[in-house]
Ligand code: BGC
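Listed next as structure tokens is one chain, alone, in the form predicted alone.
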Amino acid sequence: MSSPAKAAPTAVAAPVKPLVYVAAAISALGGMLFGYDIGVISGAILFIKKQFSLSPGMEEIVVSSVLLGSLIGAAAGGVLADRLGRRRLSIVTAIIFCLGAAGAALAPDTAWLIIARVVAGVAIGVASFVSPLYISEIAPVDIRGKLVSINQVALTSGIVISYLIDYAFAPSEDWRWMFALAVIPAAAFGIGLFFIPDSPRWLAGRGHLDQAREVLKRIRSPEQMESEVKEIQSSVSQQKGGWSELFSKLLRSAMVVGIGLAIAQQITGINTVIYYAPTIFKFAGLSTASAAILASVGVGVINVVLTVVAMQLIDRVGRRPLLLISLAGMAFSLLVLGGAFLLPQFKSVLGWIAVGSLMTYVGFFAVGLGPVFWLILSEIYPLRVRGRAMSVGTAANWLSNLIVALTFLTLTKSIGKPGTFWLYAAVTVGAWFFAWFLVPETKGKTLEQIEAHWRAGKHPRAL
């Protein structure tokens, strides 16, 4: 094993060139499509199950089919991201988004709808990690957290937009338009990608150092560019870039952190809220589909607002404090929500307690676990295996997501609604201890400094 690289000094803050913000914003459209496609089903399913006479089991399959596709996309996307590059793979993803949206809108039966949602899911699985990966590789170190969090803001905004579209079409019950309108941002995403550069780190990792320099000239000051080129060259010279390095002892800690956070983000129950928010509110006594969907819009707005707050704090306060506060607040909110369903004396105000608890839960998620997971996942892996490593973590995330979505309604029937939410609360407490003991603080560290830390064989917390 080669000797650990000497950590380079943290880059000096300098004015950020406009192209960095433009590239981050265009890449984040992939996050918005990710959010729209996972959120739109929450309202559409209320009308789909009526039109196609779905049983609870088939309802779970329709909702979860997008997750199967996402798992496939996440698993396959890592190798493609390292071979094709972040930008070219994103262009392919935009095309797949269009096909999935159009296919779902035209579905004549349940089987067609499930296939179309699997196709859309493949695009979601790729976009979910390629967008933050690209942004992290073009961002200056001092605002990397803020820029990567733009993707999470776009994601949560996509969820709110999907809820508003669901609400607009709820009176007519026209779920086909709910899916079809995703074609518009998908087309904008694909076109925008032709106007931004490739990741300079990917170019350098593929041996195209001159092209990497040209990109860095466009997004960095001359002083920053030379320093960054040296760091990237040092990083590339120490890497093999294959699966063997990914699962070596050297990166074991990084893989544990990434996969552990990936699982924690899902098994704490967030997507039961995203997928089933209107269903939960109907459980709680909001009688009409429109009222339940409108309450979900409020939850979505809280998600966006608190994600914007996190974006402002993440490079100042750090990743770990936000993560720990987030998990503690989520656990408390789930305990309250479970109690609201258990105690009959709350029945008259159950709807309001459910709305308040879910808003609090989503708010705590948005200020920490939501953006911090995707940010840390994009930061902690070496350059040549970064796409593959993020793919593994993202696949673990989507697999956990799929399991939660497939079991939520079944759990509410077998152990009751209070027991289901209390189970999520217990898991969230476990996730807090995982974060406390193992998750590193990456604030203020270049990607190459983080890599040097793993090569030195140090504990994650020592970063």
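Here the structure is a predicted model, which means the values were calculated and not measured. For every residue, the number given is its place in the sequence shown, counted from 1.
Just so you know, the form predicted together with ligand BGC exists too; it's not on screen, but the next bit is about it.
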{"query": "Proximity to ligand BGC in the predicted bound form (heavy atom, within 4.5 Å), stretch among 263-271, 114-122, 193-201, 382-390", "finding": "263-271"}
{"query": "Listed residue (179, 365, 163, 97) with a non-hydrogen atom within 4.5 angstroms of ligand BGC in the predicted bound form", "finding": "365"}
{"query": "Of 189, 361, 374, 175, the one that lies within 4.5 Å of ligand BGC in the predicted bound form (heavy atoms)", "finding": "374"}
{"query": "Three-residue site 34, 159 and 370 fully in contact with ligand BGC in the predicted bound form at 4.5 Å by heavy atom", "finding": "yes"}
{"query": "Any non-hydrogen atom of residue 38 within 4.5 angstroms of ligand BGC in the predicted bound form", "finding": "yes"}
{"query": "Residue 401, heavy atom within 4.5 angstroms of ligand BGC in the predicted bound form", "finding": "yes"}
{"query": "Ligand BGC contact at residue 212 in the predicted bound form, heavy atom, 4.5 Å", "finding": "no"}
{"query": "Residue 155, heavy atom within 4.5 angstroms of ligand BGC in the predicted bound form", "finding": "yes"}
